[in-house]
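Below, in C-alpha cells: the form predicted alone, a single chain.
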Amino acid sequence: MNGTVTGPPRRPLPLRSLLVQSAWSRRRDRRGFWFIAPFLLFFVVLMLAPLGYAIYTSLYTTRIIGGTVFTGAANYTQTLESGQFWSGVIRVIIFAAIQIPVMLAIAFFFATIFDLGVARYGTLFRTIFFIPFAVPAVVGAVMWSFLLEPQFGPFVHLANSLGFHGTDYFSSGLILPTIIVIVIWEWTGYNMVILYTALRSVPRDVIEAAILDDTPLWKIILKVKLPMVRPAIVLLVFINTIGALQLFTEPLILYYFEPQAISTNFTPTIYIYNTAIAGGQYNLAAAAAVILGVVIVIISVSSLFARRRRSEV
C-alpha cells in the first residue's frame, strides 16, 4: 500500500439534478440579458441606427433634376479630394499638438501637488479645479468670448496696460490660440482628477523608500511617479485626441462674435455642419461624417491595442 487514502467513488448526478441545473443556468443567462437589454436598445437606436443611416445616405446624391440617385463612393471621393475638409483636419491636428501636451502638463503638475499634500485644503482646490468641466461648453465659450471681446474685454485692457496695444484675440492669427486657451480651461480639471486618482494608486512604500534614500523631490515626481502613471497619461492622450477631432462648440460660438476669423471649414465637424445645414448637401456631409468616424474608430482601436501590448488592460 502506498498510504494514499481514497474516498468512496462519486456517484454521477441524477438526470433530474442535471436538468434542474441546466434550467437554472438558462434562467440566469436570461436575467443577464434582460439586465443589459436597456443599454443594448439605446445603443442600437441612438448609435448603430444613425450610423447605418449615415452610411446609407452617403451612397446617394440628391440632385435638383433627377432626384436622389445611387452614386456609390462618389461622395467619399469628393470629400477626400476636398481641400476645405483637409484644411480643417490640419487645423485640428495643430490644435491637438499644442493643446493636449500643455493641458496634460498643467494637469499633472496640479495632480502631483495635491497628491503630495503640499497645498492646504486640497479637497477644496480640487473641487475648484473641476468646476470648469462641470460648466457646459456653450456657457464657457460665451463667457470667454465676453472676457476676450476686442473692445470691452478685460483681457484686452490688460494686454494694453502691458504694452500690447491693439490686441485682438479674435483675429485670424490669434483665434486658434484663443480656442486652445478656452479648451484648456474647460478640460484641465477633468484630466487632473484622473491623474490624481492614478497617483493615489502608486504604492506608498515606493515613495517612502525614495524619501529614505534622500531622493530629490523632482526626481520622485519625474522618475518614480510619472512612469507609474504612464498608462493613465496614454489613455488621456487618446481620449483628448478624439475630443480634438470633434472640436465644434467653441469655434461655433466664437463665429458669432467674429465671423471673419472662423471659416465654414474651420474644423471637420464645422465643415460637416455647414455642408449639411447651410449647403443642403446632406449626402456629402454624411460621407464626411463617416470618414471622420472611421478615423476616430482607428484611433480608439489603436489605443486599445497599444495598451494591451503594454499589458495595461
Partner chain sequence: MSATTVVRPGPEPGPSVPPPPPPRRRRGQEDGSIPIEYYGLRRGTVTAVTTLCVLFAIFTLVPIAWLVINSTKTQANIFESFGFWFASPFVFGKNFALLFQNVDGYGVYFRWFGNTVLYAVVGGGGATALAALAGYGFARFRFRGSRALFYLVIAALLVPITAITLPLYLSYAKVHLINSIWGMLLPSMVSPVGVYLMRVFVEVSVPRELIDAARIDGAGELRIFFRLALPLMVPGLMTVLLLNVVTVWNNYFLPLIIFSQNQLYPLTVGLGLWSQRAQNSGNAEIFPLIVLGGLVTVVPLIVLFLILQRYWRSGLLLGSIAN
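Only a predicted model underlies this, so the values are computations on that prediction, with no experimental measurement involved. Basically, rigid core = biggest C-alpha set you can superpose within 1.5 Å across the two forms. Residue numbers count along the first chain shown, from 1.
Missing here is the form predicted together with its partner chain; even so, the following discussion is about that form.
Peer 1: From the candidate stretches 160-168, 234-242, 76-84, 91-99, select the single one in contact with its partner chain in the model of the complex, where contact means a heavy atom within 4.5 Å.
Peer 2: Among the candidates, contact is made by 234-242.
Peer 1: Within 4.5 Å, heavy atoms only: does Thr71 come near its partner chain in the model of the complex?
Peer 2: It does not: once its partner chain is placed as it appears in the model of the complex, Thr71 has no heavy atom within 4.5 Å of it.
Peer 1: Is Leu46 close to its partner chain in the model of the complex, meaning a heavy atom pair under 4.5 Å apart or at it?
Peer 2: The answer is yes: Leu46 has a heavy atom within 4.5 Å of its partner chain.
Peer 1: Considering only heavy atoms, tell me if Phe110 and its partner chain come within 4.5 Å of each other in the model of the complex.
Peer 2: Looking in the model of the complex, residue contacts with its partner chain include Phe110, since a heavy atom lies within 4.5 Å.
Peer 1: Leu176 versus its partner chain, in the model of the complex: is there a non-hydrogen atom within 4.5 Å?
Peer 2: Although its partner chain is absent here, Leu176 would stay clear of it in the model of the complex, with no heavy atoms inside 4.5 Å.
Peer 1: Could you pull out the residues of 236-258 that have any heavy atom within 4.5 Å of its partner chain in the model of the complex?
Peer 2: Result: Phe238, Ile242, Gln246, Phe248, Thr249, Leu252, Ile253, Tyr256, Phe257.
Peer 1: Core aligned, does the CA of Met47 move at least 2 Å between this form and the one not shown?
Peer 2: Met47: C-alpha displaced by less than 2 Å between this form and the one not shown.
Peer 1: Taking the shown form as the reference, report whether the CA atoms of Pro101 and Ser300 lie closer or farther apart in the model of the complex; the distance changes by 3 angstroms or more.
Peer 2: Relative to this form, closer in the model of the complex.
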